[in-house]
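Single chain ahead, by itself, as structure tokens, in the form predicted on its own.
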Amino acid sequence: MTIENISQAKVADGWHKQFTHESDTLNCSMRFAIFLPPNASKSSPVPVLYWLSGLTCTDENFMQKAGAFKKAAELGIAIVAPDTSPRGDDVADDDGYDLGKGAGFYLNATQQPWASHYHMYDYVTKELPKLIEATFPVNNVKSISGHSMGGHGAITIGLKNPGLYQSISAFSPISHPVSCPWGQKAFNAYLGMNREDWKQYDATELLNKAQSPLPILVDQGEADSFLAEQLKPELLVAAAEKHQSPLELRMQPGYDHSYFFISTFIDEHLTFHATHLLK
């Protein structure tokens, strides 16, 4: 697979680079970013943390705002941030910010016009890791994290693929999308009207059925304006307790939904993942 390096910058003695490539899974050109720590080499490949961003974001939001590079360099962990949806003139879109481009929800759409391109679940779990591991000095040991819509994606993908990841974390995840406006709008469009089909992409529903084999760390700001209507972390915790899943929710007083919140606690998330990626 051919990829094109479109930008790069040295940071924390490592490298942040952006690439584009033609995605067979999404049927369009995609962009992703990677941070390679200074110790990454062909003779000493490093593990990877995959970061999934939220609504309206691209690969750039986390890489430019989270302040994660210094700690990732110290720990020896690469970070990969894909875009949040397929892009292109022929890709279906919606007038709202919470559906279509920038709002892929990390699922495989089954309904048209979305099904032609919106297969972010397969892209994140299959195509992108295959490309990363074939191209860069990384190994196949990986964990997954994300924010808001991306927190939903990180938890559901980790729960559905425990053999692929070592650990899961999330900031302000959409914890029970089948019961919130963001999730209901997206799932109805992408998956159709059968709500049973929605549950396969709902972290609370997945935890209600079985214990998580992976450790999960969740940070949630108490001043988040989306907390009560859209995020509902208390439902995620209740589901985790049902089967005694290893989930820790930390409610953070005064913090909102922004990257100011993420940048405050990202080092702790990286350290959490390092204990599992580097063991």
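These figures come from a predicted structure and were not determined experimentally. So that there is no doubt, residue numbering starts at 1 and follows the sequence shown.
The protein also exists as the form predicted together with a further copy of the same chain; that form is not presented, and the subsequent description refers to it.
In the predicted complex, which of 65-73, 226-234, 241-249, 48-56 comes within 4.5 Å of a further copy of the same chain (heavy atoms)? It is the stretch 65-73.
Is residue 263 near a further copy of the same chain? Define near as a heavy atom within 4.5 Å, in the predicted complex. Yes.
Evaluate residue 255 for contact with a further copy of the same chain in the predicted complex, applying a 4.5 angstroms cut-off between non-hydrogen atoms, and reply yes or no. Taking the distances in the predicted complex, the answer for residue 255 is yes, it comes within 4.5 Å of a further copy of the same chain.
Given that the partner is absent here, does residue 13 sit within 4.5 Å of a further copy of the same chain in the predicted complex, heavy atoms only? Contact with a further copy of the same chain, yes.
Residue 275 versus a further copy of the same chain, in the predicted complex: is there a non-hydrogen atom within 4.5 Å? The answer is no: residue 275 has no heavy atom within 4.5 Å of a further copy of the same chain.
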